[in-house]
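First, one chain by itself: the form predicted on its own, in structure tokens.
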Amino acid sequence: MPIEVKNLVHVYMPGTPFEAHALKGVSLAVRDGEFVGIIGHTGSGKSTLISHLNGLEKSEPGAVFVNGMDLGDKGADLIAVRRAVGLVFQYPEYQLFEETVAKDVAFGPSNLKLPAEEIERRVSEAILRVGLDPSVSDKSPFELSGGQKRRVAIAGVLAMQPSILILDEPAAGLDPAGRREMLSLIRNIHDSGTTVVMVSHSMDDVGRCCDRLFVLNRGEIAFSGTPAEVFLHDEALHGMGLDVPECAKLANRLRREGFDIPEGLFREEEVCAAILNHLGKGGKQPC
């Protein structure tokens, strides 16, 4: 397993009046090549959880394994872990600082003391991989649009050639077109063989992209499964401050009203086909 989390607990400011339990015995596993979504309301523990996955945070009790390595061991090679696990924080464009795009993307590989030719190759490949024109290499990142800046920040992580990519709300703040382009980019990265973990509060986004979901609520995993399995719990999710895709909501409601609609549908084309099939069989008309 690329990532295994076992009974992870994290408490902020323990022993003080401000003590807060961010994670309460969380266990999960991410399989090689998967696209996994971690969803939950603000304060549910999503960002705290992913900060443990490359050793930025350490907690006891509990354990985190990356490619079989226990990150809690004193001899754990955290440099190797952070090469394997690329972490893209929310609004990563705010972390750009170099005078050119190429220098910003090269920052991580340069710290690995790689040969200049290898750094140049990685930078060029990463810029192309995020869908930017090579001509941006010599531009200041601060001359670019917000979406382009975010792509530069992601390119800087990809230049480290991680086998696992973790993204915290990668489409946050983007307009609808930018959101679609960003999700398409991430799917392409996954399709190239990278294991992806994406944190989001958008059920539509995770429904379109992810193989499996973990729903966090108040520091615990409330539900896990495929998007179709998780979206069946629409009323419980609503109680956690979450929603499900509109088509899943419609399918679940019609089924509760007696319509012959299969469980687990959440895509528009699937729900439309199921309604037409129901009506074709002489089923009752929508109210």
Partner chain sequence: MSNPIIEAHNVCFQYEDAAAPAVKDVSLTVEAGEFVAILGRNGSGKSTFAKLLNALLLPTGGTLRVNGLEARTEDDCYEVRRSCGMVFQNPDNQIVATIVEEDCAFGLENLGTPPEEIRRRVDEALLDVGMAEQAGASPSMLSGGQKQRVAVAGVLAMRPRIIVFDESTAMLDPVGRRDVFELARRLNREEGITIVWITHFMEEAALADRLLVMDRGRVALAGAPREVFAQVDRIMKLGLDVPEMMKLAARLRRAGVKLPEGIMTVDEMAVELCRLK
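Positions refer to the first chain, counted from 1. This structure is a prediction, so every number in the text was calculated from the model and none was measured.
Same protein, other form: the form predicted together with the partner chain, not shown, and the subject of what follows.
Within this chain, residue 147 lines the site of the partner chain in the predicted bound form, having a heavy atom no more than 4.5 Å away. Taking the partner from elsewhere, residue 233 is found to have every heavy atom lying beyond 4.5 Å of the partner chain in the predicted bound form.
Among heavy atoms of residue 243, some come within 4.5 Å of the partner chain in the predicted bound form.
Taking non-hydrogen atoms only, residue 257 approaches the partner chain to within 4.5 angstroms in the predicted bound form.
With the partner chain omitted here, the record of contacts in the predicted bound form names 203-211 of 80-88, 152-160, 203-211, 114-122, defined by a heavy atom within 4.5 Å. For the three residues 20, 238 and 250, a heavy atom within 4.5 Å of the partner chain turns up in the predicted bound form in every case. Screening 129, 187, 103, 180 for any heavy atom within 4.5 Å of the partner chain in the predicted bound form leaves a single hit, 180. Put simply, of 43, 33, 225, 262 only one has a heavy atom within 4.5 Å of the partner chain in the predicted bound form, and it is 43.
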